[in-house]
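Coming up is one lone chain in structure tokens, specifically the form predicted alone.
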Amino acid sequence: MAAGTETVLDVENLRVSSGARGERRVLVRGVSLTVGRRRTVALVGESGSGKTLTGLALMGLTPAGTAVAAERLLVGGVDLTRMSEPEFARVRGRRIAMVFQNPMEALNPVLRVGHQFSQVLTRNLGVSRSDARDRARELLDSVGVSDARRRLGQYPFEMSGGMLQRMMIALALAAEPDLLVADEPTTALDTTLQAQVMALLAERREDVGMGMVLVSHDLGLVAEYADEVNVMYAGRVVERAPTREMFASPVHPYTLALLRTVREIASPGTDRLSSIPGSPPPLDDPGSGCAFAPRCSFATAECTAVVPELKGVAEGHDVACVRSER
């Protein structure tokens, strides 16, 4: 994080587990993140890497049957680990908000969209209902929703996926949170609107001093908008570095493989999409040693016996790989 930047998220050794007591299985293992104001930290990786579950854990919204623990989880200086669920519920939206991957599941299907905006704005900002309606229309205009008055009178099922995604983004930004967790925020949008939405998030980040955790599989998006990249695999961060450093000098074999899936598209003379052989292991059973070893062309016997820890290879650049220690 840049020197002198105020921290809005400080999480150390975040863990998510599931199952009955005494038989719990760990799903997210020791994730640590620091996000400053006006900074974006990205979580990248294949589906099943644990990045969405990490984002939900920050919000206190993991699925039933899971448990979240951390040595430290501060948002805007407030320790969320010491809060009861009712206290945490009052923090959501005001200090920390989320753009969910599936807006249809995030919005209440039996309430008009305008009512849902009013609930958020009156609860978090203390404004009147009329002021909340005016603010809601402004927010919808800012994310490219035309005829905002009519849209606020509709139910979620009356809208397309792209329209719902824009509604979800506007709702998340409504109370000007300290931290925004954006989980695949442009998935349902076409290329033009993707650029508009990301530009809007970047603008709001600057205007209100918001920090952002960007969860994405889109490395092009990450390269353009993130300040730091955390590569996740099997519930762990396996490489962390400033964005420019990550794309210029990746070290972990998994990061190298991810970047090849992008770089070969743009390579002269080829339109072949590189792929990573095999598939990620289940989060609750990553195997022994390095979880990526079965798919790694550099793997040795040591890799199947040792779980490597994140260690610095350069200023601000950490890698969990035995190769980086040689």
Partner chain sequence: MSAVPVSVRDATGPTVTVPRWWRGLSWRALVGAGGVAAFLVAAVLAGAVSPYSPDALAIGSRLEGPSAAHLLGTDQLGRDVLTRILYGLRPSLESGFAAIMMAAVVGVALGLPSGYFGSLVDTVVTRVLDLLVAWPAVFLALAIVLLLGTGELQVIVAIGLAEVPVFSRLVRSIAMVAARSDHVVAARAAGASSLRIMLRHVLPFVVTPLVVQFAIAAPQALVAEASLNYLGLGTHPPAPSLGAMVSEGQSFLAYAAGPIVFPILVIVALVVSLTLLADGLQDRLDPRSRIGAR
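Numbering follows the first chain given and starts at 1. Between two forms, the rigid core is the largest collection of C-alphas that superpose within 1.5 Å. For clarity, every value in this text was computed on a predicted model and none was experimentally measured.
One more form of this protein exists, namely the form predicted in complex with the partner chain; it is left out here, but the text below deals with it.
Only one of 99-107, 207-215, 74-82, 132-140 lies within 4.5 Å of the partner chain in the model of the complex by heavy atoms, and it is 99-107. The shortest heavy atom separation between V26 and the partner chain in the model of the complex exceeds 4.5 Å. The shortest heavy atom separation between M59 and the partner chain in the model of the complex is within 4.5 Å. Residue contact with the partner chain in the model of the complex: A174 places no heavy atom within 4.5 Å of it.
Residue contact check for E158: one or more of its heavy atoms lie within 4.5 Å of the partner chain in the model of the complex.
Residues are counted as partner-facing when one of their heavy atoms sits within 4.5 Å of the partner chain in the model of the complex; in 75-96 these are E85, A89, R92, G93, I96, in sequence order. Superposition of the core reveals a Cα shift of less than 2 Å for A248 between the shown form and the other one.
L221 shows a C-alpha shift below 2 Å between the shown form and the other one [criterion: core-superposed Cα displacement of 2 Å]. After superposition on the rigid core, the Cα atom of M104 is displaced by 2 Å or more between the shown form and the other one.
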